[in-house]
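Next up: just one chain, as structure tokens, the form predicted alone.
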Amino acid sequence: MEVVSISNLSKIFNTGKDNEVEALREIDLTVTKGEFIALIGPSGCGKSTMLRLIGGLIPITSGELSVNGKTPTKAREERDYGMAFQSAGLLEWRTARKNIELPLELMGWSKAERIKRANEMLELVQLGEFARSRPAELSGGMQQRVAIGRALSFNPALLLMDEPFGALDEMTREHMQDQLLDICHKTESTVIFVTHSIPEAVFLSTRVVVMSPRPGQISSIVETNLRAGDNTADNTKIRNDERFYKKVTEVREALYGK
């Protein structure tokens, strides 16, 4: 089942003006249910732009793009996906728990259901003791973890994630990677994940989409899927497996050249 379908997609900012920028050119990509797609490429290649196009946050210039068979705008309006971006985007006047509850409020969950789910998410991102803290009382990394909990709170079928773990320390980052994979397995979520970390891309994904410098094009797609259908595989063993290092090298060579 196709979750995201992209055909001949291009994006130009400031069309016809002196500061016109061609961000993406002729992108073709199909993402099926349950896949974990990592987007990687040099800064400015259009990774985040692609995520925002899929999320219906900005309009396409040309080509075709659908999410669950709908236009991105309609899919966004029907809450077909959750989002976690580089900026946490928390509401300063709401506590960590209340920030996680926000999409659940909009979806009509009862107060008891919202509190229960928000508490589960806070424990997941290791912030249970900070439920009543406001964003100004949290570090940048902690704020980002709240944003991740919010994006996962309603078990969306599609997750759009733009370097969500970039601000986390290494131990917490690996924990969140493990937990994200566990959640995706339990909910059968599909994920499109932007990262600058080659090891992270390889560890998490079923496929790594490697992009060229601007205007961004897909230069290579590397099949990874180190679990090969076994979602109960030991993550520590995978991180130490020779196959992992071979795939990291393969992606690095695709990105930088041999």
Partner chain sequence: MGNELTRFSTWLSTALKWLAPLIFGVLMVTVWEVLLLVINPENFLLPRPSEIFSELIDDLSKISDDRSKIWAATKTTGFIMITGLFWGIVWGVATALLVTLSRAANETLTPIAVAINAIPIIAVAPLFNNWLGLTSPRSNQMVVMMLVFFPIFITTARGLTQVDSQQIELMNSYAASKWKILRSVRIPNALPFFFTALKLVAPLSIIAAIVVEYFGGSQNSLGALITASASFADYSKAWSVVVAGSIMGMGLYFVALTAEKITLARDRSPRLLLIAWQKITGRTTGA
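Everything quoted here is computed from the prediction, not taken from an experiment. Residue numbers count along the first chain shown, from 1.
The discussion below concerns the form predicted in complex with its partner chain, not included here.
query = Would A112 count as touching its partner chain in the predicted bound form under a 4.5 Å heavy atom rule?
reply = Outside the cut-off, so no.
query = Closest heavy atom of R97 to its partner chain in the predicted bound form, within 4.5 Å or not?
reply = Contact with its partner chain, no.
inquiry  = When the contact criterion is heavy atoms within 4.5 Å, does L57 count as touching its partner chain in the predicted bound form?
reply    = Contact with its partner chain, yes.
query = With the cut-off set at 4.5 Å between non-hydrogen atoms, does M176 touch its partner chain in the predicted bound form?
reply = Answer no; every heavy atom of M176 is more than 4.5 Å from its partner chain in the predicted bound form.
request  = May I ask you to choose, among T71, N155, S87, N119, the residue with a heavy atom within 4.5 Å of its partner chain in the predicted bound form?
outcome  = Exactly one residue meets the criterion: S87.
ask   = Though the partner is not shown here, which residues of 56-86 have a heavy atom within 4.5 Å of its partner chain in the predicted bound form?
value = Stretch hits, in order: L57, R76, E77, R79, Y81, M83, F85.
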